[in-house]
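To begin, one chain is listed below as structure tokens, in the form predicted alone.
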Amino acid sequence: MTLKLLSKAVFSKAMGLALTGALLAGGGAMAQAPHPEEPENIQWSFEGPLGKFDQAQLQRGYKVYREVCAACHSMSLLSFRNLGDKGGPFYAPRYPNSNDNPYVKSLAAEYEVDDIDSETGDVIKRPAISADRLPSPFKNEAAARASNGGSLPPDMSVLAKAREGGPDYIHAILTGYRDPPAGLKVDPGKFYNPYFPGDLTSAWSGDPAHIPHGGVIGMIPPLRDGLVTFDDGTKSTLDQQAKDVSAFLMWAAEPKLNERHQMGAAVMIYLLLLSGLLYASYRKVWKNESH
């Protein structure tokens, strides 16, 4: 009798736990926010096994970064000399050593970096040189958050590889700012972007079955038509600026992409020729042999 009662108690407890789990799972599914919208699939010049970066686009992209993005975002893994490396935005064949590239030197000299006075030991400022890394716009994380409403601007050195969608995602974020739909509460200093990942459930007062895609982002819309003047005369639309800086950030994350594609093409040609030679040899050796 005791065993029977014990069995019933265990069974009841197991059923209760199972029911609770099912209810929690169901509730979680009902409250699950929709995914952000898929970014536009842009045809980039560097896509595909034979793709390569457009140097003019990289130069425009650097200018967008320098004049707009660098006010908040660092690129701590990028040195000025990298801008003049082979495949980079300011590469010139007559300067195989990018440290000797006068244009790269002039770009570096636009910045000031911290240094130590060798005589006094004091912290001083000096013009940057080619070997220096691009300086951060803020002294530390606390200063960065204080200047951006509590949000920390991500470092852009490898952003194009760190975000799913790469340059497509970056372009979508930069061009995707929208007015929030009716029923969505967005706090002051925040902005609705359907391509930005987030959960809008708690801020949505409309139909629970139609929660808007995307999330809210702390970065103000950084680009607008005509904000940057391109030296090559390209029309400076918001879309063009976003494409150019996205391509530049992809280069920063994959600076050897051109060389890798060239090497891959050479290897494929070699393998095709080798396969042909091996097949011809096989036919020659086994020509008069029965199989």
Ligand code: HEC
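For every residue, the number given is its place in the sequence shown, counted from 1. Predicted model only: the values in this text are computed from it and were never measured.
The form predicted in complex with heme C (HEC) exists for this protein as well; it is not shown, and the discussion that follows is about that form.
Contact check for L152: a heavy atom falls within 4.5 Å of heme C (HEC) in the predicted complex. Interface membership of A252, defined by any non-hydrogen atom within 4.5 Å of heme C (HEC) in the predicted complex, is ruled out. Heme C (HEC) is not drawn, but in the predicted complex it has no heavy atom within 4.5 Å of L83. The closest non-hydrogen atom of H73 lies within 4.5 Å of heme C (HEC) in the predicted complex.
Scanning G183, P96, G218, P102 against heme C (HEC) in the predicted complex with a 4.5 Å heavy atom cut-off leaves one residue, G218.
Heavy atoms within 4.5 Å of heme C (HEC) in the predicted complex are found in one stretch of 74-82, 87-95, 143-151, 123-131, which is 143-151. Not one of R60, A108 and A247 places a heavy atom within 4.5 Å of heme C (HEC) in the predicted complex. The partner is not shown here, and in the predicted complex the stretch 74-99 never reaches within 4.5 angstroms of heme C (HEC) through any heavy atom.
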